[in-house]
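First, one chain by itself: the form predicted alone, in C-alpha cells.
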Amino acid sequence: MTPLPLRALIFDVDGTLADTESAHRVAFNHAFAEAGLDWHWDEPLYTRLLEVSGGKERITHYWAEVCGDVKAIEAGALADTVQRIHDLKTAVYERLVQDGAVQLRPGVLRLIESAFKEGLRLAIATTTSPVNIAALMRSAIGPDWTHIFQIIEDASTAPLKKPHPQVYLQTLNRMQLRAAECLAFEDSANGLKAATGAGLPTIVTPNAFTAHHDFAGALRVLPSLQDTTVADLRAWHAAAPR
C-alpha cells in the first residue's frame, strides 16, 4: 500500500513550541504568594507535578497532597479558589511572555515558516489555556499567527487532559484528515501517549523537565528541531510504521 502523503503538522505548545515551563513555575509561585499561600514549587517539585496535565488540575492535585482530600460540600469552594489562583497565575505568565521571558525553541519558527510555505497545514493541540497560547504566539510570530495555525484545540475545547487523546482526535476531526496524513510534535510522555493514542506518528523534543520520561513509541526523539527540515519530516513520515 502506498503511504499517504504528509498533509499536516500538529504541535503541542508548552515545552514543545517553546520552553515555557520555567516561566509557568515562576507565575505559579507569584500567584501563590498573591493568594496568601505559603506554597513554593521549586524545580524538582514542579518537574514531578508536570506529570499532571493542566494548570488547574496541577493546583488541585497539590492541594490534595498538602491539605488532604476535601469533602464534597467543600468541593465548590475549592474549585473557586483554584480558579482564582489560576487566573492570577495566567496574568503573571502573560506579563512574563510580553517581557520576553519565553522564546520559541531552536529551529521551531524556521520549520513552521517552511512548512507553511510548502503548503502543509498547521494545527495546535494542547492542554493549556487559550490566553496562554495567544500570549506566546503573538509574541513569537506576530498578530497574524492564527493565519498560520488555523486549527487550535486547547483546554477550553478538550476538557479531557493528556494522556487522553481527546485533543488530538478533535484536531483531526476538525482538519478532516486521517492520523496517517499528519505528524505530531510533543515533549512529554503524557503528550506522546495522547498523540499515539490518536494514531499519530510523533516526534518528541524533550526539555529539561521531561528528559527523564519514557518515549517508547515515538517516531523520532530529537534534542530540538534546530537542524530539522520539511524534507526530513516527509522522509520520516513516509517511513513511519503503518
Ligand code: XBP
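All residue numbers refer to positions in the sequence shown, first residue = 1. Just so it is clear, the model here is predicted, and its values are computed rather than measured.
Another form exists, predicted in complex with the ligand; not displayed. Remarks below refer to it.
Taking the ligand as it sits in the model of the complex, is Arg58 in contact with it (heavy atom to heavy atom, 4.5 Å or less)?
So Arg58 counts as contacting the ligand.
Quick check on Ala179: any heavy atom within 4.5 Å of the ligand in the model of the complex?
No, Ala179 stays farther than 4.5 Å from the ligand in the model of the complex.
Is there a heavy atom of Ser53 no more than 4.5 Å from a heavy atom of the ligand in the model of the complex?
Yes, Ser53 lies within 4.5 Å of the ligand in the model of the complex.
Spell out, yes or no, whether the shortest heavy atom distance between His86 and the ligand in the model of the complex is within 4.5 Å.
Flag for His86 set to yes.
For the interface check, one of 99 to 107, 86 to 94, 113 to 121, 140 to 148 should have non-hydrogen atoms within 4.5 Å of the ligand in the model of the complex; which one?
Answer to the contact question: 86 to 94.
Between 161 to 181 and the ligand in the model of the complex, list the residues on our side with a heavy atom within 4.5 Å.
Heavy-atom contacts to the ligand in the model of the complex: only Lys162.
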